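Let's start with one chain on its own, the form predicted alone, as structure tokens.
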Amino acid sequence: MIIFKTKNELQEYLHVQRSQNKKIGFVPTMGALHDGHISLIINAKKDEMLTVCSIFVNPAQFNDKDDFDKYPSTLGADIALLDMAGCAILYLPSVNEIYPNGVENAISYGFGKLETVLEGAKRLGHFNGVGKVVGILLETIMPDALYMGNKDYQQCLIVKDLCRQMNLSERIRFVFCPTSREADGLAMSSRNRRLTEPQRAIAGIIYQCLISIQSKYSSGGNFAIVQKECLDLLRAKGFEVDYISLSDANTLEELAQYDPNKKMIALIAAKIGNVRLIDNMMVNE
């Protein structure tokens, strides 16, 4: 694996690879890697892509400085994991490399209602920050395919819209990969390592709630009933719930009723202690 820390050196190398007809598969991350991230690398390799992974903890997408300060840094372990997975290139830019004119002067993108609901409503400015850094990374790497995990489903939709705005939709193939899960169903996340043992023991209940929401689809009707059941269950276990939503999977418009004429997704965000967890599940494919 080759490590680059500057845009110019990376672009020069990728130019040579493209001249040899190699296709570039890109996996953007913030480090603290786990098997979910590695599954994205593996998927890119299966597609015979030259795999590029970036590790950059983006200050622009944290509206809580404490959350930014606590974000885990495991660079040595991350490099070892990527190397074992056969990743070809790691891009490790500094803040000054990504934002040479300052974070506030980077190009901003608007995402309409998509950035104001669910995660957008709870983390003001978050998706603006995501748009800034992903826009810069895409312009730097210009991949043929972009690999992201469905756990951050709203972010996947944001990035897809970002590519539309950047006129890259025809160039870049989107590969949104299934959420990687622990044995009890808990979605793999860098945040999981901040859970205490008692918190980790009950964290899988979020997945159980998603299964319950999905199972009620065949019965149809009012979502509020199962929503309250899940809310009561999570609160009883000590969770502080931000949202339990049934939404249109294309627009994230929240739905009050199960609607077989729409592709639907269930989404949950809840905090246990000082660790905020998110997860989702398609209700009807």
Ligand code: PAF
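Since this is a predicted model, take the numbers as computed values, not measurements. Note that residue numbering follows the sequence shown and begins at 1.
What follows is about the form predicted together with this ligand, which we do not show.
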Can you pick the one in Ile205, Val117, Met148, Leu157 that has a heavy atom within 4.5 Å of this ligand in the predicted bound form?
Met148
Selected contact from Asp152, Asp161, Glu182, Asp78, since only one has a non-hydrogen atom within 4.5 angstroms of this ligand in the predicted bound form:
Asp152
Taking this ligand in the predicted bound form, would Thr29, Asn58 and Gln61 all count as contacting it (heavy atom within 4.5 Å)?
yes
If we take heavy atoms and a 4.5 Å cut-off, which stretch out of 29 to 37, 225 to 233, 245 to 253, 212 to 220 is in contact with this ligand in the predicted bound form?
29 to 37
Can you tell me if Leu82 lies within 4.5 angstroms of this ligand in the predicted bound form, counting non-hydrogen atoms only?
no
Decide whether Val134 counts as a contact residue for this ligand in the predicted bound form under a heavy atom distance cut-off of 4.5 Å.
yes
Against this ligand in the predicted bound form, would Val130 count as a contact residue? Criterion: heavy atoms within 4.5 Å.
yes
